[in-house]
Ligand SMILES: Cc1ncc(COP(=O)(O)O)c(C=O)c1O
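Quick heads-up: it's one chain on its own, the form predicted on its own, in structure tokens.
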Amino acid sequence: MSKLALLGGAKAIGEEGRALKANWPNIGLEAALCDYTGAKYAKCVSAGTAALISGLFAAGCGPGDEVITVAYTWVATVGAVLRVNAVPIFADIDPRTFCIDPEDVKRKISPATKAILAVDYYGHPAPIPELMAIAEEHGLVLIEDACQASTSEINGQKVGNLAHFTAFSWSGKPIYSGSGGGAFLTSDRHLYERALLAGQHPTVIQGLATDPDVLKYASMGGTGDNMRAVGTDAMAQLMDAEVRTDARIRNCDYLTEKLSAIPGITPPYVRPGYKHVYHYYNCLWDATPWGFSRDTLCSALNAEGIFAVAYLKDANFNFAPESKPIEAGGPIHMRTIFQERNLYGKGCPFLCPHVANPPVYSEGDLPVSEEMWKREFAFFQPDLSPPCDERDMQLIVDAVHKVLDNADALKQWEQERASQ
């Protein structure tokens, strides 16, 4: 029997035990994130991108190092690799989950590989258990880009304490903050202290770090960047994150039930044991039964008032009044920076003297990613989340049926636009 704290025993709640949610505002967002996920350490930063950069810096990634990641992701994932002057090496994805393929990761490992950067795409966790086994076997750091997947789980364990290092984002994500921001989480003290050097205030590093090899750089704030926290109003969202996430999952389950009966549409796949939290609800489009493209489908749904996008190129085109869809010929490996291999001048980081085997990025390198680029479309998180309910999901289904009932008119519309 445990000894009462009143009589000198350990506390059941607080320092020696799990904090109650009611106490989270008192212990602060970082401590609450640790309690929520089970991670030992958390630090709030300015954005999910900042969290990724912090993780790569903590892992020691730099000039000449390779980081295996995906080209099927938002630009911030790969941009973080470039920011630390490392070289992205792209692995292909699982066509069902859109997450990194562990078998292709194995094929891409080289003596220069320093880390694996996996993306929990759309809120479906990457295959972290398999990737951790690969990372441990090869002495690599596994960084999880969970920016779209806070609140998700694998086999009942929260994302945030699965990989060596995890990045969260608050901007429009499952745990939300109107002012943006994010956090990094880890249970590795060395990675936690090293990550502080990517952009925390010198006095903060001085107060938190204990490693002499970290403290000696504290006076400059490590790199001198400013990645300090914003978005601390994410605490309010964390308090009821489970309720909102579970309601969104119920809505998406309804969509899956209805849309799976429609020829040409493949709803999201959820791997057994994985909790998909649906930052976006992604489908695959097969034009064969209908005769018009994915982009025409999205245009027609948008005109009906349903926000549907091809995520990699269109997701944020409503971000600001002047925004337009991204003009890009494919996933990230096909974009100009990777074709020119000269981001910082003089070929860096791709062709700098530290790179033993400069990569070449070509069409055909990632056949699954390149095919998904043509077929994938998604519905928007705010349209899936409370206060939206089953009645709102039925409106989405009804809009899809309306569009497909007019397939012949849409084929003609697409042909006329193509001839202009």
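Residue positions are given as counts along the sequence shown, with the first one as 1. Small disclaimer: the values here were computed from a predicted structure and weren't measured.
One more form of this protein, predicted together with this ligand, exists but is not displayed; see below.
Colleague: Which pick from Thr37, Ser369, Gln381, Thr49 sits with a heavy atom within 4.5 Å of this ligand in the predicted complex?
Modeller: Spelling it out, the residue with a heavy atom inside the cut-off is Thr49.
Colleague: Within 4.5 Å, heavy atoms only, which of Lys173, Lys275, Arg248, Arg194 is in contact with this ligand in the predicted complex?
Modeller: It is Lys173 that has a heavy atom within 4.5 Å of the partner.
Colleague: Using a 4.5 angstroms cut-off on non-hydrogen atoms, would Ser169 count as touching this ligand in the predicted complex?
Modeller: Answer yes; at least one heavy atom of Ser169 falls within 4.5 Å of this ligand in the predicted complex.
Colleague: Is Leu162 close enough to this ligand in the predicted complex to count, meaning some heavy atom within 4.5 Å?
Modeller: Result no; Leu162 lies far from this ligand in the predicted complex.
Colleague: At 4.5 Å between heavy atoms, is Thr77 in contact with this ligand in the predicted complex?
Modeller: Looking in the predicted complex, residue contacts with this ligand include Thr77, since a heavy atom lies within 4.5 Å.
Colleague: Evaluate Thr73 for contact with this ligand in the predicted complex, applying a 4.5 angstroms cut-off between non-hydrogen atoms, and reply yes or no.
Modeller: Residue-level check for Thr73: yes, a contact with this ligand.
Colleague: Of these, 235-243, 327-335, 143-151, 99-107, which stretch puts a heavy atom within 4.5 angstroms of this ligand in the predicted complex?
Modeller: Every other range fails; the passing one is 143-151.
Colleague: Quick one: in the predicted complex, does every one of Val119, Gly181 and Tyr311 get a heavy atom within 4.5 Å of this ligand?
Modeller: Yes: each residue has a heavy atom within 4.5 Å of the partner.
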